[in-house]
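Below you'll find only one chain, the form predicted on its own, shown as structure tokens.
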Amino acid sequence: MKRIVTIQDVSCFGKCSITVALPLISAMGIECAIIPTSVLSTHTGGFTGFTFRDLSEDIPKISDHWKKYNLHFDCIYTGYLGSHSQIDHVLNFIKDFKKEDTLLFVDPAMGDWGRLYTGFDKDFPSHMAKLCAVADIVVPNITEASFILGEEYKTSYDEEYVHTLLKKLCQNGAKRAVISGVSYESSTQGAVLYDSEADEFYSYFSEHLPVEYHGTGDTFASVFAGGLTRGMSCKDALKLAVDFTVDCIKQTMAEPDDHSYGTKFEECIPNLISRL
């Protein structure tokens, strides 16, 4: 059985980060180990007064314990990291556990709509860039890519702009780069991939849905990482991740109760399994 370790926070309510990654990766027939970087009562989008416990000091302790058992991971998948020190701890973890056959998948979850998430200072993107530089594949959205690279964030853009960001992400060190949430026209949205070794671009788009739900980026990244770990090609894994994310959004839209804190991805898991 393939094994992924995902390193990101636990939001106890709200469907994001580990509470999305763990069930989806497990449903894809992959063992999913976790290193929680913090525990929050809810995620930070749309909730106030949430509790927060920083687990930064536990990361090296977990790593040291695991080293005694010579654990092997087919994929190291990093998500939301809340501080400079957590990035440093993760870089040390990578030195200890990344082997030649280990995929390093980095989702630099730190912002959207041209703004960094609450709690990140202006220096955080430069630290995240160091982690992205050692990645086999990095999967930012437009906001995160522009912050990592120090480039202008644009709400209106064309293919040339996206391709330039992707190439620069690979020039920064990543072997492959994907930008999610790309929309050249109002009716479609999807993701664009650049493989620096093949010098090849690939785009996959689905319909644009006029709603926003928390955790869709985590859904996309988790399924994408799972597909790659199972041995799917980058193009096939990307298509699977986009399609499944759209399925989750549609399922959530179809029911009238407010579910803005996260999608009803659980109801779509059978469809995900059937496509593997």
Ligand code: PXL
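Fair warning: this is a prediction, and the values are worked out from it, not measured in the lab. Residues carry their position along the shown sequence, with the first being 1.
From this point on, the text means the form predicted together with the named molecule, which you will not see here.
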Worksheet item: With the named molecule left out of view, which of I59, L40, I249, A237 would have a heavy atom within 4.5 Å of it in the model of the complex?
Response: L40
Discussion item. Using a 4.5 Å heavy atom cut-off, which residue among F73, Y80, Y194, Y77 comes into contact with the named molecule in the model of the complex?
Written reply: Y80
Worksheet item: When the named molecule is placed as it is in the model of the complex, which of 42-50, 220-228, 59-67, 239-247 ends up with heavy atoms within 4.5 Å of it?
Response: 42-50
Worksheet item: Is F205 one of the residues lying within 4.5 Å of the named molecule in the model of the complex, judged by heavy atom distances?
Response: no
Practice prompt. Tell me, yes or no, whether F201 is in contact with the named molecule in the model of the complex, where a contact means a heavy atom of each within 4.5 Å.
Written response: no
Fill in: the named molecule contact in the model of the complex: Y153, any heavy atom under 4.5 Å
no
Worksheet entry | Residues from 212-241 in contact with the named molecule (non-hydrogen atom within 4.5 Å) in the model of the complex | H214, G215, D218
